[in-house]
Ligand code: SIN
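Take a look at this single chain in structure tokens; it is the form predicted on its own.
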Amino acid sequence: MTGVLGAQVLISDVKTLSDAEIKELRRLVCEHLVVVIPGQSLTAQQQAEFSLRWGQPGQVPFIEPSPDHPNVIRVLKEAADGNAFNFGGSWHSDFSFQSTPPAFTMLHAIDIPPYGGDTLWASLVAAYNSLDQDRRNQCEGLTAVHTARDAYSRKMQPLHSGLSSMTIVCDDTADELEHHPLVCVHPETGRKVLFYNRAYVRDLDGLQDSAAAPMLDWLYSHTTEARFTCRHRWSVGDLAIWDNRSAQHYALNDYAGFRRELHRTTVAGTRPTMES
């Protein structure tokens, strides 16, 4: 998809893949960070079953699942929702505020507007690799403080309530803190990752308070540079699979007046670490 990340893989029907083919697809996702497979037809049940072949389901707080399956989220904005907040509408790695964030996310396109609603991904591997040695040393000495406070605490309830067909219930657990190394080693590839996203990282341990804010601003601008990104224009039937451990993503909110529905599953991961 670009010279940095992303690939399209042509498969007639992912439901028919053998265990060996699933293993190879997983390797491709880890290598390219995001893979898009066009032309898939999956019910919620079938997507959940396919996702389960990659590992146990990830834990999903705050968001009520699809009535068709408890491990599927309907990412849905109705045409009548207008300019309401777009679910996933800020740069983030899914649920990085958890002690064991998801390893993979799968998103299947059900209903796509005639324009807009693209998704962008950014490589946190490339963001790390571009650093000079002094900056690498600085980042490797820091711990990021992750929290859902500014996404799912009670003060955010009015924002989420603008989506008429998604039920998102904010509560006080969003104020809890989780600490992950700013630089992590990917457990499958061994590559170093700058594990940062603006949505959930709210502080840095290892810096004086006065230095944390400018460092967070720099991390945001650095990790979202255009040279580290790819962008996908959805078509109905697209199945995107990405590696949350080495990429962050962003759903554009530029399709007011049109309906957009995608089905999401996640695969449980392990605790981020600097150990290889």
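Just so you know, these numbers come straight off a predicted model, no measurement behind them. The numbering used is simple: start at 1 and walk along the sequence shown.
Absent from the display: the form predicted in complex with the ligand. The rest refers to it.
If we take heavy atoms and a 4.5 Å cut-off, which stretch out of 201-209, 167-175, 92-100, 139-147 is in contact with the ligand in the model of the complex? Every other range fails; the passing one is 92-100.
Note which of 230, 251, 42, 35 lies within 4.5 Å of the ligand in the model of the complex, where distance is taken over heavy atoms; exactly one does. Here the answer is residue option 251.
May I ask whether 75, 87 and 107 each come within 4.5 Å of the ligand in the model of the complex, counting any non-hydrogen atom? Affirmative, all three are within 4.5 Å.
Please tell me whether any heavy atom belonging to residue 71 falls inside 4.5 Å of a heavy atom of the ligand, as the geometry stands in the model of the complex. Residue 71: no contact with the ligand in the model of the complex.
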